[in-house]
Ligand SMILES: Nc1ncnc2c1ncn2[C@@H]1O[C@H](COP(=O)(O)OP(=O)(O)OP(=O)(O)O)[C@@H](O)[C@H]1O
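This document opens with one chain alone, in structure tokens, the form predicted on its own.
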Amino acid sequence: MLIKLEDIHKDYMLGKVKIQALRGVSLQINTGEMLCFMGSSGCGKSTLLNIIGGIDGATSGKVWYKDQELNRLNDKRLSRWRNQHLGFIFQNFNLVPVLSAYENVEQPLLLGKFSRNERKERVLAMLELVGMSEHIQHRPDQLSGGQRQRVAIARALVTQPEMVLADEPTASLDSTTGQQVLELMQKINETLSTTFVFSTHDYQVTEYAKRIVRLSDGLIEGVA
């Protein structure tokens, strides 16, 4: 077991109205999985992804990472945990516009105790893994959407995380480029045993997932 969710509830206040984004979700995620949260907009899949990643807290319920209860960590320890164990991929890439591909991938390493040589070795290895070795000095506006997402994948992997959380990773890509990116993540999953958890409404993503969790109105509707 890598992640365990126990009866997760998440409420938001919209003015004076309480919105129940999650209404009692329990789930276990195992090491090496490619798991996909599937559902329409507003079903709670992105909220669930944020809670797994410690970006947002649950209103009630518990989140476990192995034998550690994440709910008990303060902000500083939770940030350290994210940096050491997680990578994130976003639908809009979230690359820093003024930085090169190399510098964008290097960013997470600057938060850790890595020497300059070690940072260089890791960054170049990740850019080679995602097929971007010839574009290391290119800024995001000099890259295609698919190339930007490859840089984002390299950035997510550079700290050698156990798990990568990908929120709508193909939403900003055409179907052909999206397939290429998914094939890349599948290859990484198979070769490095990195756990991938996706949030998506794109049925193309489900073809690469080993397990599909369908959400509806803040509840698990089914698991396949």
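Worth saying up front: this structure is predicted, and the values here are computed from it rather than measured. Note that residue numbering follows the sequence shown and begins at 1.
In what follows, reference is made to the form predicted together with the ligand, a form of this protein that is not presented.
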* With heavy atoms only and a cut-off of 4.5 Å, decide whether residue 47 touches the ligand in the predicted bound form. => yes
* To do: Please check if residue 168 has a heavy atom lying within 4.5 Å of any heavy atom of the ligand in the predicted bound form.
  => yes
* Would residue 57 count as a contact of the ligand in the predicted bound form, using a 4.5 angstroms cut-off between non-hydrogen atoms? -> no
* Taking the shortest heavy atom distance, is residue 26 within 4.5 Å of the ligand in the predicted bound form? -> no
* The unique member of 40, 193, 176, 30 whose heavy atoms fall within 4.5 Å of the ligand in the predicted bound form -> 40
* **Within 4.5 Å of the ligand in the predicted bound form: residues from 1 to 27 (heavy atom criterion)** => 12, 14, 19, 21
